[in-house]
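Below, in structure tokens: the form predicted alone, a single chain.
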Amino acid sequence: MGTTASQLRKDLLSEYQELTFLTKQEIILAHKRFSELLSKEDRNLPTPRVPMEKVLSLPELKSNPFRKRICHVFSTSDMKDGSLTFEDFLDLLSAFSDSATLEIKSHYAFRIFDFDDDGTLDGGDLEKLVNCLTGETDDTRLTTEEMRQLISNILEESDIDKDGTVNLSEFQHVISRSPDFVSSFKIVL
């Protein structure tokens, strides 16, 4: 699609602006940052991909405890390797932009927290989520009982239909009561 040329074509720039929550300046900056991550050989491919390891080297993602899940959720790679095309990269930045809606942000947050990709947050997903947030060192890891109690509390608060899992609409209901979610769910280049 010509996205690796030193400049984006005007028609593509306008199309990307229409399809994302990003401004023209943000798209141009995203293109520059994406191009810097590409190897010289990959720059001439029709639809180049940046390997997940290189995406994770971005300072904006480096310290995010969900960085690998973020890459996997936004990657369209058939290999399921977390690599990103420029359009994948734009989708990621768009969902994490200040202009993205609560519905978009909560949808992607849910997908990122759904570690087994089964469409629900169950005890296993919630345990992985807590471990990502607290760290998995001996000093920070919760005891088995603390983890069980925390997951029980989360489900008690969030699982409206009492099926033992949190679905997307239940998650969005909880997020809608969290005023700082939208402002904290962001990545700015």
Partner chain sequence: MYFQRNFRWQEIPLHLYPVLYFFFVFTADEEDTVIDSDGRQERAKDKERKKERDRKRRRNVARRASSARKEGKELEDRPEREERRGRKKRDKEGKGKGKGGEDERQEEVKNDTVAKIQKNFSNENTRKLEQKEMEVVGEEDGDTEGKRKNGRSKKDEKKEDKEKHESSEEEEDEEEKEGEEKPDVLSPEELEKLKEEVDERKKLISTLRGKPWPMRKKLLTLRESHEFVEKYEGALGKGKSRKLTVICYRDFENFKTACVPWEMKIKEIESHFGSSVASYFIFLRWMYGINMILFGLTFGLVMVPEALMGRPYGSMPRKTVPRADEANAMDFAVLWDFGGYAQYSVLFYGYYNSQRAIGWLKFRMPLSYFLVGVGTVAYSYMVVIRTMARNANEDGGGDNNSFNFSWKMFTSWDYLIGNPETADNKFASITTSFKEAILEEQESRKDDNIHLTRFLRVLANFLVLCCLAGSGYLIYFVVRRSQKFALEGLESHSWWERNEVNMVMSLLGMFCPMLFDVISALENYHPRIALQWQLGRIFALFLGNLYTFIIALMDEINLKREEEEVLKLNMTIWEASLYNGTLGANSTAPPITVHPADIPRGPCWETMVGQEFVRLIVSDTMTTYITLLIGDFLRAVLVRFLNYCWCWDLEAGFPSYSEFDVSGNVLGLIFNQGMIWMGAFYAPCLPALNVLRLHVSMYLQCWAVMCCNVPQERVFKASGSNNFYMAMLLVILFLSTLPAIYTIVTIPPSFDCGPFSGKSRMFDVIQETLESDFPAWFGKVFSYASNPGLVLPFLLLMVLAIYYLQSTSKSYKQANLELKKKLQTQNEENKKKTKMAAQKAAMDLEEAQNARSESPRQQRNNNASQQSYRGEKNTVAFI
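Since the structure is predicted, the reported quantities are computational estimates derived from the model, not experimental observations. Residue numbers count along the first chain shown, from 1.
This next part talks about the form predicted together with its partner chain, which is not shown.
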Subject >> Partner contact for P46 in the predicted complex: its partner chain, 4.5 angstroms, heavy atom >> reply: no
**OP:** Considering only heavy atoms, tell me if S39 and its partner chain come within 4.5 Å of each other in the predicted complex.
**Re:** no
Original post:
Does its partner chain get within 4.5 angstroms of any non-hydrogen atom of E53 in the predicted complex?
Top reply: no
Original post:
Would D118 show up as a contact with its partner chain in the predicted complex if we use heavy atoms at 4.5 Å?
Top reply: yes
**OP:** Let me know which residues along 96-127 have a heavy atom within 4.5 Å of its partner chain in the predicted complex, or say none if there are none.
**Re:** F96, I104, H107, Y108, R111, F113, D118, L121, L126
